[in-house]
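In the block that follows, a single chain appears as structure tokens, in the form predicted alone.
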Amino acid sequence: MNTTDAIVKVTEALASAQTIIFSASCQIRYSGRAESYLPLGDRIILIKPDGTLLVHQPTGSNPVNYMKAGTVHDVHKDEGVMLRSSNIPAKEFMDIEILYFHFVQTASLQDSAKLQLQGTEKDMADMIMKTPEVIEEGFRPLSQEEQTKFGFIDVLGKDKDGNLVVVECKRYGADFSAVSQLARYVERIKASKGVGNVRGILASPRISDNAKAMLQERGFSWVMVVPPMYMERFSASQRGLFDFTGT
């Protein structure tokens, strides 16, 4: 790409607070969180309207370096092309010396949406309320997010024999901390409801052997419940995250 055209395009985009993505052969010097030098190589550089700058190499998901929001950028040509970025309050500075541009893209982007998580423990509790048989036959949910001084119980219900049941949901593998949390909830429900027999059930896709042993020692039980998003997106024959972990 013509260097002069690239400089004009980046300068105009900076002035109008546009999003800028360009690729260039460059070397980078940084001073701030540490002192660093990145020798000549092909990079992808993203500058956001809030001043955030990310430097990516051709592979990998994490930036090799970055500047925070509030950074001021200036591109100019002297003996060579230099993109200077400075964040005075953070005492951070970056100089990107550009040998040549591969491409430059700019755009005015708008996005006010917030990320909505799926497959959360709340989703699991909602699913249990709608399909209580995933816990066990005869289980009847009574309430969701029952408050205690230790936190909120995901699902409180009764089994087929009329015993109160505390169900604690974990979207990943259940561990020692999950068992301890369940025990605290069970004791609190015993005290608040004035009953001596309250069952505890952990609902999660997986549980470690040690946590399962601790669960059984306390007289609790574990039920395999998979968060809704996994049930919708993957078939049972596919290997998932938990096939590669120890918990």
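Position 1 is the first residue in the sequence shown; the rest follow in order. Small disclaimer: the values here were computed from a predicted structure and weren't measured.
Just so it is clear, the following notes concern the form predicted together with the DNA, a form of the same protein that is not shown.
G60 belongs to the set of residues with a heavy atom inside 4.5 Å of the DNA in the predicted complex. Contact annotation for R33: at least one heavy atom lies within 4.5 Å of the DNA in the predicted complex. The DNA is not drawn, but in the predicted complex it has a heavy atom within 4.5 Å of Y66. Interface residue remark: R206 is counted as part of the site for the DNA in the predicted complex, having a heavy atom within 4.5 Å.
Stretch 170 to 178 is the answer when you ask which of 126 to 134, 170 to 178, 156 to 164, 95 to 103 has residues with heavy atoms within 4.5 Å of the DNA in the predicted complex. Contacts with the DNA in the predicted complex, taken as any heavy atom within 4.5 Å, map within 147 to 170 to Q147, K149, F150, G151, F152, E168, K170.
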